[in-house]
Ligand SMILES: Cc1cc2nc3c(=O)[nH]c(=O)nc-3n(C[C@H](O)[C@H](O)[C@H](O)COP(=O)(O)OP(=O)(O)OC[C@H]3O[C@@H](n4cnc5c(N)ncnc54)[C@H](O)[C@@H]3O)c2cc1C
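First comes one chain, alone, set out as structure tokens in the form predicted alone.
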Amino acid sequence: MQHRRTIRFLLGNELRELTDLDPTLTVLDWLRGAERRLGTKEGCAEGDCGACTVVVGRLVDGVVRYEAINACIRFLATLDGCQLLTVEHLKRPDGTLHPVQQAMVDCHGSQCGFCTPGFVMSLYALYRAEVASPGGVPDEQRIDDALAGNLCRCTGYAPIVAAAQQLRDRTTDHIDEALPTVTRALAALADDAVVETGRDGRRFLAPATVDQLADLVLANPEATIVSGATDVGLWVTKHQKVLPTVIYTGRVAGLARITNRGDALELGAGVTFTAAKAALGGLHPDLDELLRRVGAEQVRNAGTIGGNIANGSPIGDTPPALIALGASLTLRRGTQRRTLPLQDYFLAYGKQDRQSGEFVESVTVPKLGQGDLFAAYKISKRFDQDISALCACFLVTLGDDGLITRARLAYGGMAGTPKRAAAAEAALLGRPWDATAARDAKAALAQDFTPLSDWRASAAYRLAVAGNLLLKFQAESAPGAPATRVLVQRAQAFKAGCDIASRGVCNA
């Protein structure tokens, strides 16, 4: 394998070539320390507050795509081949403010100002994705989604939302003038070499192909595999962990593919939550909504489906849904691959069925078929950007006679791993999908789970809610059932002056 020992990327329109980097040096620390770009702030150092938000441009199919990310937990070396934009890049050389910045001024969207650069960059990413594209007019819910990862203690958000709404009439962007040059520069930076850097005996490795990745993981089985670093980044910033070897998957284009297999979707392990939402959301509206509530936009742009599975967290948002759908996992070790049901990958808390030198390559998700009823529910203290206290995802299949032929009831937050409720499933098979069957399945959950109490929820609460969600599922999905789920759009909530606007959608 050919190795390149220089990290290359664009800071604005200027080329940066860096060697001998600390493998876990964050974008935020480099910007503030080496570059003295002080507009990017540190608030939480864990990807929650958005004060550190920057925008990264990546060349995809010949087009530069811009996305907001959290600089505080993103490792600098992962920017190889990208363009990095900070708040300092938005104004013109003559000092004229960018339309995003001017809208914030006009709408009085800043008070103390600490969080303002992060908001500006989130709005700029929204501007690039929606406003500057033909016909792009984001509604209030889309604006709220774009800003959900940015916290402000001063403004109450309404002036910032107003600034975002003003962008619909401001479509001039001087950064576009340099876009052809940036596109050519990023194309010139692309290669198939393994990027390697490091310091003090620690290494960062970034392969460009799946085969290179397989060889590197096999040769470095102790390495920490990183995709978006939305989890691993906190190991460094909060737990002060020292990672001897980091293998980054973000340059491996093959891991970002989504393939329609006819009766199933195959998602590479490197597919981000943002990309997965577009694909899986087409299978069922609840999948779209569940993925909309994974972290915030900055997290969804960086975090991956494979990472959410591979880390084995019992409260990861995607495994319960994928288990309920009957997903299977492909793992690779060197040139060898093996496939197993996703539910079998999780062995115990902190332990997964992954051999030394093996990595998650893809997940295959069956599509819903005739007679399939599906629902996904996330229970958390906040609607936006919160970890689940409980996640419940259900699939029930009805035969032509109306009897249940298949039941897959998967929960997160109820055990040391994401887990199916075998006793509750057995209580449903062969019966009509009615309230009596749902109540019997609810009673059987006590055989399936002995949940723990923690600061997110008590054991009694978790068990009660797990059962009540089964009743809710039956009430919503039984043949002939009336509509029971009331969705309140954010725009309506704002107009009504309702405090639900801060949470977005109320599932009543």
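All figures in this text were calculated on a predicted structure; none of them were measured in a lab. Throughout, we count residues from 1 along the sequence that is shown.
Form predicted together with the ligand: not shown, discussed below.
Contact annotation for residue 297: none of its heavy atoms lies within 4.5 Å of the ligand in the model of the complex. Contact annotation: residue 209 falls outside 4.5 Å of the ligand in the model of the complex, judged by heavy atom distances. The closest heavy atom approach of residue 293 to the ligand in the model of the complex falls within 4.5 Å. Contact check for residue 107: every heavy atom lies farther than 4.5 Å from the ligand in the model of the complex. The three marked residues, 225, 269 and 302, each reach the ligand in the model of the complex, with a heavy atom inside 4.5 Å. Proximity to the ligand in the model of the complex, defined as a heavy atom within 4.5 Å, holds among 122, 308, 83, 78 only for 308. Checked against the ligand in the model of the complex, the candidates 321, 396, 421, 73 yield a single residue with a heavy atom inside 4.5 Å, and that residue is 73.
Contact annotation: the ligand lies within 4.5 Å of heavy atoms from the stretch 46-54 in the model of the complex, the single such stretch among 31-39, 46-54, 461-469, 442-450. Taking a 4.5 Å heavy atom cutoff to the ligand in the model of the complex, the contacting residues in 314-339 are 315, 316, 317.
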